[in-house]
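In structure tokens, the next block holds one chain alone, the form predicted on its own.
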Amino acid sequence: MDWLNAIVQGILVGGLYAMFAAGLSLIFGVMRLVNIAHGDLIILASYLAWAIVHATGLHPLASLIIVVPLMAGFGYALQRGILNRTLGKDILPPLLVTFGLSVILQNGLLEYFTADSRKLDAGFLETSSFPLLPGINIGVLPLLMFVSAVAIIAGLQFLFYRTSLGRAFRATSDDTEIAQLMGLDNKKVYAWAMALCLAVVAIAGVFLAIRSNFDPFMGPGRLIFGFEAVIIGGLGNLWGTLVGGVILGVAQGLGAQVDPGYQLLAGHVTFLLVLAFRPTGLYPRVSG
């Protein structure tokens, strides 16, 4: 029963990893941009939520009403003001710029909030659970994270294939030159994609801040989890990202069941095995 419990809890944690990864998958799918600062942006959202909660007294989940639009606006401005200038055939400039952004965010958060770890208190939401089977309890917060991840990915999937903005995303992803000839402003499309990415990042950051302590230097670790989930699931495949997050969470849960020290190692080994045998991931994006 302990092993089954580890699998169930791993599936639920996989929802959080899928939220980490969804923005990465979105940005790579639209503009082939690898954002090294993605994890630090998640932590920025966590600190922003913490500041809003302590300034207004809002419940951490209610802070999403403010955090999501602020992060989306920041993403739009970041893409229009900086990242659009780096995009081109050479992948090195955006990598260097986002690496620099990562360093700036870490040191800025350290300067303003200090190195002390913080956490958002969600009250009963953190401790509430209900029995699924004898010996297996489902926490309300992990279940909410997983349901939110499914809803986010379903929403992104709908947006991509059922809306005009989604058609613009797919057109610029397939061929930027033809998209421009058809009247699309690629720079504006990219900015909307980054805004959408950081809206998802905001939700992930708030859930992370409720689930565990965070500090200015946690970003790179969240980036690694996001990358692993994206690559396991398949680059550019949103539902594959959810599968990748679940696989990563289950691997970590089973590793922790063997020995707590093996938790992260089990996830990394699983990632390595998938990369060795399926370099394109389990569900790579298909054209058409």
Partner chain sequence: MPLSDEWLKIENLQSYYGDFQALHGVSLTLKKGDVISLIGSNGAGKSTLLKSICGLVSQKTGSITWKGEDILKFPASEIVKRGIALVPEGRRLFPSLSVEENLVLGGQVARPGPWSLSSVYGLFPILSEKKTAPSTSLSGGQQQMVAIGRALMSNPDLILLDELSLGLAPIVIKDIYELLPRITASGMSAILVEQDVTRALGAASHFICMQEGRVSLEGTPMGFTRDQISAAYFGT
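Numbering follows the first chain given and starts at 1. Treat the numbers as computed from the prediction; the structure is a model and nothing was measured.
Quick note: we don't show the form predicted in complex with its partner chain, though the next part is all about it.
- With respect to its partner chain in the predicted complex, the three residues D2, L4 and V8 uniformly fall beyond 4.5 angstroms at the level of their nearest heavy atom.
- In plain terms, the part of the chain that comes close to its partner chain in the predicted complex, with a heavy atom within 4.5 Å, is 169-177 out of 169-177, 200-208, 117-125, 146-154.
- Residue L184 is the only one of I136, A77, V140, L184 with a heavy atom lying within 4.5 Å of its partner chain in the predicted complex.
- Mapping the unseen interface onto this chain, Y161 counts among the residues with a heavy atom inside 4.5 Å of its partner chain in the predicted complex.
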